[in-house]
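Following this are structure 1 and structure 2, which are two forms of one protein chain, each written alone as structure tokens.
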Structure 1
Amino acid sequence: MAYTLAELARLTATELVGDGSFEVTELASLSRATSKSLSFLSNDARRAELKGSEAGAVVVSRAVSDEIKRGLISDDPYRTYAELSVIFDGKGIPFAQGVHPTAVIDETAVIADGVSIGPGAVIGADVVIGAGSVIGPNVTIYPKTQIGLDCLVGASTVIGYDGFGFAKSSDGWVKIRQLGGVVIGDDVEIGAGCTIDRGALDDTVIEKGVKLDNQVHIAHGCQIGARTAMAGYVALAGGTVIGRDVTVGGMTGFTGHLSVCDKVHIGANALVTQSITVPGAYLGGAGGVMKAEDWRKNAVRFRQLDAMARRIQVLEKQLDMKSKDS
């Protein structure tokens, strides 16, 4: 697999720098690139890394184009790298095209032409899967799930299992049968080991272009707006409504029955307990790690925070009184 820089400039609609007949055989990061590699610089501020790299050619922004001998100039080198990754990726579908013979598919399921379903996947009654979608091995899709066009689902993911709903009674918990389904739009990617529950009454809805990393959990009746992206272990409790173009860092949770407006960006390892109505960046959690001995001293104060605040108030009053006295 070798491409000339001129070919790649044409395929990615970028501007050639240097010898167009130069051939590259792989994409590589700057630090590991060789003279046969095409690499990229996605952040101009790190241009110093160009000097140390052995890359045969580099994709850069116009602002940095003087610093390379050979390569491509792009408005957005990172997006160009994404486009190049498709060109250099030999295989689209990791397991066989089409429905693998070991997949178990209910006869009432509607599987479009051109869908790939991996070995050991299990597809329940009345499931609908749109053309171009790829379902990984050992995925389970429970009944009443609809999946759009060109979706990608990682191995071991479970879609459409019962939401976690119980009513208390004097004997313990009474299960609330889950009557809703799951509706997933086009071009959605769901990672490996995720769980997307069916709705209790209303469907769980994931709009087009949503991207979920591995081990994400979406509880019953949640709605996720178009193009929202969530990193690993994000967990939505029941009935959470997330807007469009939202990003959520890994391990962040939502306590349920709250809503988040469009264009909100939430950091990692936070707990969202109230609705967010203003677009922007949000963070939560207690921050990073410290040496254990420092952390112990500080964390014990967390339990005294209210007392500390009250002591400051008392001091302020005392000083104020003294000032009046004098």
Structure 2
Amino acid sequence: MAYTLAELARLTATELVGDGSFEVTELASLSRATSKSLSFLSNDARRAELKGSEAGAVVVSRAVSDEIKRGLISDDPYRTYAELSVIFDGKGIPFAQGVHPTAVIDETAVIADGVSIGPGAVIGADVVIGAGSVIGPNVTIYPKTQIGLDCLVGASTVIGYDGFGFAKSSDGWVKIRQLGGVVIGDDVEIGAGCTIDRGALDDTVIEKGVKLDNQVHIAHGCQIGARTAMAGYVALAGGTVIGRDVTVGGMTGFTGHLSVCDKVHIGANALVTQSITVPGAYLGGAGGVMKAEDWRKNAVRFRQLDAMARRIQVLEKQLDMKSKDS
């Protein structure tokens, strides 16, 4: 598969640098690229890597365009790389070739035209799946689940199983029946091995354009706003409400029944225990999260704790000696 730079510039709405008839046959990282590769530089601060690369052409920002002989100038090189990855992906999305004969689909399920369902998948009663969606192998979708248009669900994900709800009694735990469903909007991608529970009373809702990495857990009754993205191992306890355009780093937990406003970024390995009402970047650990600039200041103090403790011990000894002398 070969494309000229002129073709790629037209397909990605970017500006051509150098010979437009030059052909590239693959996308590659700067370190692995050959003379027939098209690579990209998404971080201008790493422009020194251009000198050591053998890439035949590079996608760059305008700020470093003078440092390449051939390539494409983009307002957002990383986004252009994403667009190019679609162009160079000759095989397409795996298991997007119709309904596999081993899939088990309840007769009451409504499956739109153009839906692909992988081997071993189980689709329950009254499930609705919109056109263009791809359901991976061994996915289980329980009843009362709605999935929108052009969604992608990775292998072994479970959608619509019971949320974790029990009432304690003198005889043990009484199971709370989960009566809600799951509603997933259009253009949602759910990674492999995720679990999305149905609501106890109200539906669990995932809005349009949400992207979930592998092994993300969404508990019962949660709501996730449009275009929000979550990295692997993120876990939301029941009733958590996440706004739109939120990004969450891997292995971050939410304690439940709290809300996060729109346009918040939460770093990895954090524990969110209280609602966030002001947009911005937040970092933290088991003790909760705080504004990123405050966390960085405190992190500097964390590194100084041992030295501070030693100085305190010296001062205490000096005070103790003075008190004895007096």
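Just so we're on the same page, rigid core means the largest C-alpha set that superposes within 1.5 Å between forms. Note that the structure is a prediction, hence the values are computed from the model and not measured. Residue indices: 1-based, along structure 1.
Two copies of the same chain, shown separately. Which of them is the form predicted together with another copy of the chain? That would be structure 1.
CA of residue 268, rigid core aligned, shift of 2 Å or more between structure 1 and structure 2: The answer is no; the displacement is under 2 Å.
Can a Cα shift of no less than 2 Å be assigned to residue 35 between structure 1 and structure 2, given superposition on the rigid core? Shift at residue 35: below 2 Å after core fit.
If the rigid core is lined up, how many Å does the C-alpha atom of residue 307 shift between structure 1 and structure 2? After core superposition, the C-alpha of residue 307 moves 16.9 Å between structure 1 and structure 2.
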